[in-house]
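We begin with a single chain expressed as structure tokens, specifically the form predicted on its own.
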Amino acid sequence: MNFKLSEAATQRRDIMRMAAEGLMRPIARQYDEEEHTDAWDFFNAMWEASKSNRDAASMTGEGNADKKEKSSGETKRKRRENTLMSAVQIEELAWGDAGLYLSIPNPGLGGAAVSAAGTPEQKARFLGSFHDGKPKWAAMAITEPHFGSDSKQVATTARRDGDEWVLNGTKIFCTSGHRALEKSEGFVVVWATLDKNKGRAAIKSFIVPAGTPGVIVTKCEDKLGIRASDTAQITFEDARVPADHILGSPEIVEKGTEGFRGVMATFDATRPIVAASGIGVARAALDFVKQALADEGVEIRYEAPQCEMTVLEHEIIWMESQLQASRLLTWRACNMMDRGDRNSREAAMSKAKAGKVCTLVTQKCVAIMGPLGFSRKLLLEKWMRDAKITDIYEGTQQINQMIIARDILGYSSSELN
């Protein structure tokens, strides 16, 4: 793996840094305080910017993963870096503000599920709608009131009725669920079971567009962090969607979990992205502390022998090294995804590492600044609150460690749980 970013990735990183510094930081505190308020000026600006980026990429041919070029008489596939570029950009946006980054109009987790398990027709129909028109969101609905990470406990049901599927159940903690269903012409991808007696093999996912009768956003959560992002509870009461809105095959394969695995592949792509956002939050806190120390004339002596370093110097260097380790794990997982390699273990590793590191780094930064770090005059306490979710969503720390252990030891979920 080449750890040097391409010119295109570097340019995108710099553009995102300007947006983070110029558009997000100035309003970060306001929309943290005003939870459930829509930052429409920011949304529209980012939506227009994303459209401009897509148009530029289309004109230059950038992002065409299947484009091939001749070199020395051999056909070589052009370097792919879509996932890596996303991670690089998202680190910068989360450095600006994690809650605002999560609220930017985009396909989100719902779009990731369609990309991972959808047909070409579904991708063109549901993801293509994000290329034009008004700002919109998509979401994914997995968690239910009686379970969190153990997805085989899905109780929301899907019943075939002629040319439609009928969904019933309740989902909680759906990121961007309210904006996807009530603020835009977006959609939510819902996990439901076709037969509760057949376990994971019967779990399928369904695309439910905004405006579907029987779909009700019943609550928006009041949260510790990422408060600019909405987190919704959604109820499905005889909600009907066309038969072709299922992702994958409607067949239940009792001797395997092919459909379930197809949906779970979503997380191989999204876990490194979540890791990148956590790294951005932690880097924001560390950058602030380093600048505050520099303003007071405190120098970090990187070349000094360890035995001569101060406790503060040890802390700063440890935090920097841990963030870099998290970043390299994340980039590795992204690189594997871009190459088309299986990256379930590496995706879980990046998420587990970043989740733990960003929590510790932001806590240490608050501690170093003392009462000022705890004060709402600075954004440090906010970054500490925002960081914690990295260790929870997209699979908790414990779940990701379990995934890693199973993969290394060759155990199934039934053998190691």
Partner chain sequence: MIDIQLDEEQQQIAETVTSFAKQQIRVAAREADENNTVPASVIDQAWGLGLIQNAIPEAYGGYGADASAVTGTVIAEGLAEGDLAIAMHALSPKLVVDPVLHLGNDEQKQRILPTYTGEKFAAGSAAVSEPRWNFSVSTMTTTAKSDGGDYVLNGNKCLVALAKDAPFTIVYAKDDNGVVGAFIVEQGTAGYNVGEREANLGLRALATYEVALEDCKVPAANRIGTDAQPMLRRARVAQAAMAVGVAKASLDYAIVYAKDREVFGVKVAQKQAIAFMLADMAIDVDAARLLAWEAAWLIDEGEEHMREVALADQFAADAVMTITDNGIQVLGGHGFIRDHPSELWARNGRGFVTFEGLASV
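Positions refer to the first chain, counted from 1. All of these numbers come straight from a predicted model, not from anything done at the bench.
As for the form predicted in complex with the partner chain, it is not shown, yet the points below apply to it.
Picking from 154-162, 202-210, 179-187, 327-335 the stretch near the partner chain in the predicted complex, with a 4.5 Å limit on heavy atoms, gives 327-335. Residue 321 belongs to the set of residues with a heavy atom inside 4.5 Å of the partner chain in the predicted complex.
Taking non-hydrogen atoms only, residue 132 never approaches the partner chain to within 4.5 angstroms in the predicted complex.
A residue is said to contact a partner when one of its heavy atoms sits within 4.5 Å of a partner heavy atom; residue 363 meets this definition for the partner chain in the predicted complex. At a distance threshold of 4.5 angstroms between non-hydrogen atoms, residue 38 is out of contact with the partner chain in the predicted complex. By the 4.5 Å heavy atom rule, the three marked residues 225, 314 and 339 all count as contacting the partner chain in the predicted complex. The contact with the partner chain in the predicted complex, taken as any heavy atom within 4.5 Å, belongs to 80 out of 136, 240, 80, 125.
Residues from 99-129 do not approach the partner chain in the predicted complex: none has a non-hydrogen atom within 4.5 Å of it.
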